[in-house]
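Just one chain follows, in the form predicted on its own, and it is written as structure tokens.
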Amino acid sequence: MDSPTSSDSFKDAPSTRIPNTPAWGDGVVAESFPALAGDAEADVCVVGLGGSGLSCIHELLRLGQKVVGVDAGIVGGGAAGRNGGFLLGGTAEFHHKAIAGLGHARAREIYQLTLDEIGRISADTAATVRRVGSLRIAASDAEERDCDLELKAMLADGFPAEPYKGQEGTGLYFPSDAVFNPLERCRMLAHNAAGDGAELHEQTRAISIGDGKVNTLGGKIRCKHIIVAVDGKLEILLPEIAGRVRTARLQMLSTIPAPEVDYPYPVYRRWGFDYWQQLPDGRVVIGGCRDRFEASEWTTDSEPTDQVQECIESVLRSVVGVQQPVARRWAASVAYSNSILPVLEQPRPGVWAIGGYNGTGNVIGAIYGRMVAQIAVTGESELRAVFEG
């Protein structure tokens, strides 16, 4: 993207200057991949060039597969490059609730796998990651009590967590968590995958999938296996999964640099429904409020709306304490599964699907990408026993 990045360039920036464009692209060099023009052949075709799809592609390359990857938009153009940039341990549920839903041993093993994955992400794309930890901040007495329960569960299992009280409020600090630029990571992964031999195509929408081929407007890809690694709108691409996942819209905004505040840690507040972080250049990136407009946010529309944006801006002003102008507003489609864990299914012969990350796919989505690659190619994965129980 050609957006300016200095503090001066954001001065008095109107919020509609670049509609529905995330803050993450500022200063990041975009590498484009051509749309498919003609037929292609591969061992595996991966549909979706977000974080999970690119993780899948790298694992497929490690397994010696010839890979073609396609995306209806651009690399990281969906939720993978438009989210809050949090790298959090565990599932979408807080650890004590994951224990209640999955069983103690399984929840503990999954939490450890996610911590290991944060380390892997930090090592693979170090330039995009800041290992600063994260905060969970309570917005009510009930949430403070829940933080106490989570802390006890974390410490009992030997995971790092500490009580916290500071300018953000009262809650918990998780020193092993991190933040990152999700779009920049996707672009780095795509660049590296292409360098290792993967054939990648942007602006190449999959029209039909199955029978050993992926049909697009530009041509067909014949392959042994197809892996669908999209999150939002997964049930549209594969209607068989409609009962397992449902698409929702998540909305965010960002400001110009805000010297009046200093947030060294990313913040999850009010049960995770409001979340923000301050970037190294001082900009604040914030999202949330979906629960306050839940009926309208169960949608496949990925355009920001006035009512949710006004709510987020109200949190920005009254809770976060930022008074600087808004520079970006954007939205993305994500999928929620009907369980704690995401979907990994084979809805059609030769077709595998992953998604439904419940709004927290940056870490667990990368794990699922590797897992589905292993299952598709070898028929098994050590990870599968953990996640499928």
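As the structure is a computational prediction, the values presented were derived from the model and not from experiment. A residue's number is simply how far along the shown sequence it sits, counting from 1.
As for the form predicted in complex with a small molecule, it is not shown, yet the points below apply to it.
Novice: Hey, of 136-144, 68-76, 149-157, 189-197, which bit sits against the small molecule in the predicted bound form at 4.5 Å between non-hydrogen atoms?
Specialist: Single hit among the candidates: 68-76.
Novice: Have a look at Val47, Ala353, Leu36, Leu60 for me and say which one sits with a heavy atom within 4.5 Å of the small molecule in the predicted bound form.
Specialist: Checking each option against the small molecule in the predicted bound form, the one that comes within 4.5 Å is Val47.
Novice: Using 4.5 Å between non-hydrogen atoms, is Phe174 touching the small molecule in the predicted bound form?
Specialist: Although the small molecule is absent here, Phe174 would stay clear of it in the predicted bound form, with no heavy atoms inside 4.5 Å.
Novice: Taking any heavy atom pair closer than or equal to 4.5 Å as contact, tell me whether Arg205 reaches the small molecule in the predicted bound form.
Specialist: Because a heavy atom of Arg205 falls inside 4.5 Å of the small molecule in the predicted bound form, the answer is yes.
Novice: Within 4.5 Å, heavy atoms only: does Gly359 come near the small molecule in the predicted bound form?
Specialist: Residue-level check for Gly359: yes, a contact with the small molecule.
Novice: Taking the small molecule as it sits in the predicted bound form, is Thr255 in contact with it (heavy atom to heavy atom, 4.5 Å or less)?
Specialist: The answer is no: Thr255 has no heavy atom within 4.5 Å of the small molecule.
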